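Only one chain is given next, in structure tokens, and it is the form predicted on its own.
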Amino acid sequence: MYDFNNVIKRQNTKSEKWDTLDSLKSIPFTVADTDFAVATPIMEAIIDRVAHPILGYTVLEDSFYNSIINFCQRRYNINFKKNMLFITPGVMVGVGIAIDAWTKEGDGIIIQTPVYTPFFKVIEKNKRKLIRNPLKLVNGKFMIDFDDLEEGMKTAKAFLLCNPHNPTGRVFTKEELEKIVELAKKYSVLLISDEIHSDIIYSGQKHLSISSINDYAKSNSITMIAPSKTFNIPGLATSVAIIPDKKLRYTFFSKLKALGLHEGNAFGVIALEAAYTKCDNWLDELIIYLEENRDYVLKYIKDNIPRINISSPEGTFLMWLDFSSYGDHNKIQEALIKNNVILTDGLIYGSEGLGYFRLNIGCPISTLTEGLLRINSAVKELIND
């Protein structure tokens, strides 16, 4: 058994989440890394490498590629070949290269808002046209508006999918993915799928990679995965682009190599291989722990703060909380900060995030409990204001 209850101090580690706080009294539930210790096999692999006094250029051996291939086959029953895999220094780097390689300035790219903030930036900074396909809240669950999606597909060149979805926690079903692919085929739209959260899937759900849906999806898609969220190693900036189609592979790799981003770094390569070969048990226990955290939040809010509307996430360690019944968005933010609980402002995910705040539950239950108490105090102040 692994001790996910252990509270680890992260201040003064150059942590983006913990070392950027305005108050040392605050608890952040923001940046999407977790507060859990990295699995022992990963740390041992890194320490063993550090013991050698030279940190030179690192070759990607067959064992590296096989670790990815076997992990995907073992956990998702999908099969890739070595020549379909490319290392990138982060998922969004891979997404950006795909956009640059396969679309041109002014081309339309669809995103499903509210969505991960860098999706907006990678489209706008590359001078592409942003096409929104807002998710609809139906009976407490965020659903795809397929009529609106089809309208967007008519003028789009690419569709940037986030599955599992950040911040709503949706894990899209086979039927939903099939319909997405059907529309993409009808309008000749390229599929770019960010599946970085695909390892954190809760009971009753199943992750399906977009490329596994059918032959069209396989030959017209790029899938981005990484061990960074799952195994809490995002600082090592090592991700994988999966591109089954030969022509797409050639164009992508040409751009990747032209930018000098194809080599990887010594520690990221070693950590990925250790994560994908030696940490299945750790991951299984992590998912159980996170699901218990999710259920705890759902019950606490239902029993103590029922005016916060919440859609139960099907995956990820993120929860999307609707505070809109408490009034002005900025005043809600101020009340949270005053009570030393820092959530991610929903407006950074698009205008659909008005009234929403994102909660990161990737932390020990004691930290989460304290955070919920502080949220409760904040909303009580709003009621009495």
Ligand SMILES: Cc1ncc(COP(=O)(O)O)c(C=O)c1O
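If you're wondering where the values come from, they're calculated on a predicted model, not measured in any experiment. Throughout, we count residues from 1 along the sequence that is shown.
The following text describes the form predicted in complex with the named molecule, which does not appear among the structures shown.
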query	finding
Location of the named molecule contact in the predicted bound form, chosen stretch of 280-288, 89-97, 293-301, 258-266 [non-hydrogen atom, 4.5 Å]	89-97
The named molecule in the predicted bound form: contacted by all of Y116, C162 and I196, heavy atom 4.5 Å	yes
N166, heavy atom within 4.5 angstroms of the named molecule in the predicted bound form	yes
Close approach of A32 to the named molecule in the predicted bound form, 4.5 Å, heavy atom	yes
4.5 Å heavy atom contact, H207 and the named molecule in the predicted bound form	no
K229 within 4.5 Å of the named molecule in the predicted bound form, heavy atoms	yes
